[in-house]
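First comes one chain, alone, set out as structure tokens in the form predicted alone.
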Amino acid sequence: MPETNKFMARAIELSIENIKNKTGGPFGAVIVKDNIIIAQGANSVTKNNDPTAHAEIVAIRNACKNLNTFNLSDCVIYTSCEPCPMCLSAIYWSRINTIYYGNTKSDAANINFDDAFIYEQMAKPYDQRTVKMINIMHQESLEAFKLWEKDTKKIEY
């Protein structure tokens, strides 16, 4: 079995175990560095009452903790399903540059995990979105950005 299939098989196994153990949705993910699994995660939204606890997010959190870094640019993620918008964003933020996935977002939509609504909302102007976005205290908020910009000892990410 090629290495990529071995890692994907583990992500799929996590997704299946999650259903059998009733610990969350049908999603699993592993993060690999130098052909070694350094972290894994399974969906634990319902187990932890945390809507952000998707398999990819859990795996990224575990990888960052295990490697003591927020930069996973030398890692690859294998996930049992094409990442949702939140997970895709987290993958970009973590600097992972390759995603292997099993199920597609269409497959997920077929079992009521449909992210099309979120993609549609993101494309709309703020005043047409379902969730209201109201900009307040803009000038006061800029103070933190000004301090960040001037800080010569900041850790950029």
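Sequential numbering from 1, following the sequence displayed. Treat the numbers as computed from the prediction; the structure is a model and nothing was measured.
The same protein has a further form, the form predicted in complex with a further copy of the same chain, not shown here; the description that follows concerns it.
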> Do Asp127 and a further copy of the same chain share at least one heavy atom pair within 4.5 Å in the predicted bound form?
Replying inline: no
>> Test of understanding: in the predicted bound form, would Ile60 fall inside 4.5 Å of a further copy of the same chain by heavy atoms?
In response: yes
> Is the gap between Met122 and a further copy of the same chain in the predicted bound form 4.5 Å or less for some heavy atom pair?
Replying inline: yes
>> Taking a further copy of the same chain as it sits in the predicted bound form, is Lys33 near enough to touch it, meaning that at least one heavy atom pair lies within 4.5 angstroms?
In response: no
> Does any residue in 103-121 get within 4.5 Å of a further copy of the same chain in the predicted bound form, counting heavy atoms only, and if so which ones?
Replying inline: Asn103, Thr104, Lys105, Asp107, Ala108, Asn110, Ile111, Asn112, Phe113, Asp114, Asp115, Phe117, Ile118, Tyr119, Gln121
